[in-house]
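Next up is one chain by itself, shown in structure tokens, the form predicted alone.
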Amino acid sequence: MAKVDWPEASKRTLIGKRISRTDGPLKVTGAAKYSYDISRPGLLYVKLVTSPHPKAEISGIDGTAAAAVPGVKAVWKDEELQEVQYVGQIVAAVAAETEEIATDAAHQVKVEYRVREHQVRDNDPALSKDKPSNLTVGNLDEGFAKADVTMNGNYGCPVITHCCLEPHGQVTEYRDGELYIWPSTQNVSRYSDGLRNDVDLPQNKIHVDCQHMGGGFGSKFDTDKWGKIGVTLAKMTGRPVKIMLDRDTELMIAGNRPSAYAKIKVGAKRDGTITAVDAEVWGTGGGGGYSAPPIPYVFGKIPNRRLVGKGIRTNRGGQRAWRAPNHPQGCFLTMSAFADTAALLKMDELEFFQRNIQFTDRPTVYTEELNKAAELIGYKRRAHLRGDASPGPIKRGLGVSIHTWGGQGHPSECDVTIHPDGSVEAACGTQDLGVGTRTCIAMVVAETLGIPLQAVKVKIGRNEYPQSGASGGSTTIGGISVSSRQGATAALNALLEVAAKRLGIQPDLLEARDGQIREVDNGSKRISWKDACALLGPSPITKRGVNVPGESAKANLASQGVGGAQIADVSVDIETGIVTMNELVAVQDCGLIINLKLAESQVYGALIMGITSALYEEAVYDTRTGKMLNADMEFYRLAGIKDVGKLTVHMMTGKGYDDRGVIGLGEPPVISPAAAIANAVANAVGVRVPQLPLTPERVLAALAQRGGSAA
């Protein structure tokens, strides 16, 4: 009988190989349907009415004029809303025959505001009104007393947005007493949970369908206000309605990553050993609470440390999980301070990190990864003390960073069906956030059954399929690979019992391999896959696999806890302040890799995202009006292909890595780029540029203040 354990490396035919996405042709030909592409008969278009003020009381909403516009079918007003808290907050909505009519009518909705005093600044700790958090370990005074040098630094990273290529929204339709929704969501199985108070329908009459989506990065878990508006307008009009946020609204209200500014004090001995870290961090996530990012990041075993966190409540759109929540901020702040400490000691940055690797949870792994990254970028061939002394305006530098993440697979269920004609289906209520979910399920099932990849049909993206968790926390591949492995193994064992009777052999002496059911190792007794399936008669075999995280971890099917090291190579023109990426090397582990090509692709995407946050991204707000000044794709800049330089990715595999089982990968490699790039810039120009993004203006300002630098 087949075992659920992952096959040994020598026996893998698909797992761990570089295999292209099975849905790639659909996407490159435009055949893949996203929420924006759904067009139902009689479709109405919805435009939102949003607040122009960052804070104001509402005394009335009048939709009479809007409702009178020809082509308008319904006007929704938020009758319960008494006060708006940020520019862009939804107040009303209009459903009409065309987008143009809906847009014009939305401008006819009259809202009476009484403007109140607002706050959008987040870079001054004195603005914090909440009780500070305080975490102290060890004795700071003793720690700094042991230090030979003390570094004091100020650093900061601003609010940035998710900027999903496909904005938030959905198409909603009532039909024959049931509700159909086509949302852009990273939570297919539980999307309808948020509608329990808005829909008088049992859950089995709410149908969610998301076959493809254009990015979420942690911002698309919930039904959201626009989801509920869509349901309401579909009920009011009796017609399907489409709500997709316009780009400016998307950037203002659909989620952001909180800012983080810090004063950090580091004590170290002359040999580079850190003795104490004292950090005060402040920032904003909008009107809600604030959690300070972890400092010291990764180096969590430094014996004497304190972290004080101060949240600043602002009249901005609210925070949402952004790919590795709080880790990029904690990484940038920590690695910047540590690199500056190394510079103060006139010590090589890589040597300094390795000197303190003992303070991490996985020192052996980080040492291997740092050494590999250094090898790939040619670290030893370069001079690495702070400041490039070569002649001319172009200065070059290398910067180092390491990171960590959990990545344990979420609960997941998958039905695997073997049909009498030999065809195979796998059904799972998961979604493809970009990790290649369909491809990986197909690979696991095909590997388990010993059949070609193309023989497996994968069905995902609908809540009618067996439940699977939301795609967050890098949990998808760990969850669905285990549930599909278990389902396929159970289905195979049922087939082996049938085939064993025909072959006259015990089922536990059979295996599925190369399109056959055959005797293990010997192969003298065998039957083709198709002939074996024909023995089922009219009844297919369907078995459900279930991933329970704790149980799969015990069985080494999945695990958690990964590490990574990155080294950036940049050039900086000290006359213009322009930073140019030469190369970014990423070395990453993630346990057993299902698809090497897709794993590498995840890292490439993360590096590009990290480069963008390091050099370009910042949500800029006008303190007077409270408006986001760059809520568009012209001034909210993202990195293009010419901006990223050479990207080098190396995945850690083999003994000590593969045998941990599958671990999520989506988030960890996005954590280190900004830290590594910022350190590289500091090492190139000889002075710290303390705040992201590393724009030409900030580089030139830092150079102008060189004499006052702490390191």
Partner chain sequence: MKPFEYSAPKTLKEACGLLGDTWGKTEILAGGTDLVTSLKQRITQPSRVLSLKHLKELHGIRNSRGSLVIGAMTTLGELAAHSDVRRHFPALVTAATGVGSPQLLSVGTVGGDLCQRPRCWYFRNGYGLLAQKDGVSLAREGENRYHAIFAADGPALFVSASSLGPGLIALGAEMVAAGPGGATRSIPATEFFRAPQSENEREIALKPNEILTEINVPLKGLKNGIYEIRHRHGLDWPYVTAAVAFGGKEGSGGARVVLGHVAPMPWSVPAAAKLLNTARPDEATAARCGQVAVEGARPLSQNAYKIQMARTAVKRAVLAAV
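Positions refer to the first chain, counted from 1. The structure presented is a predicted model; accordingly, all values stated were derived computationally and were not measured.
Only in words, not in the display: the form predicted together with its partner chain, which the text now covers.
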Task: Three-residue site Glu173, Trp226 and Leu233 fully in contact with its partner chain in the predicted complex at 4.5 Å by heavy atom - done: no
Open item on the list: Looking at Leu135, Val520, Leu629, Ala534 here, can you tell me which has any non-hydrogen atom within 4.5 angstroms of its partner chain in the predicted complex?
Closed with: Leu629
Task: Heavy atom within 4.5 Å of its partner chain in the predicted complex - residue from Glu375, Glu464, Glu497, Asp622 - done: Asp622
Open item on the list: Given a 4.5 Å cut-off on heavy atoms, tell me which of 639-647, 660-668, 43-51, 57-65 is the interface stretch with its partner chain in the predicted complex.
Closed with: 639-647
Open item on the list: Since only the chain is shown here, I'm wondering whether Pro393 would be in contact with its partner chain in the predicted complex (any heavy atom pair within 4.5 Å).
Closed with: yes
- [ ] Decide whether His107 counts as a contact residue for its partner chain in the predicted complex under a heavy atom distance cut-off of 4.5 Å.
- [x] yes
- [ ] Flag Gly24 as yes or no: does it have a non-hydrogen atom within 4.5 angstroms of any non-hydrogen atom of its partner chain in the predicted complex?
- [x] no
TODO: Look up in the predicted complex whether Thr13 has a non-hydrogen atom within 4.5 angstroms of its partner chain, and give yes or no.
DONE: no
Task: Stretch 200-228 - residues with a heavy atom within 4.5 Å of its partner chain in the predicted complex - done: none
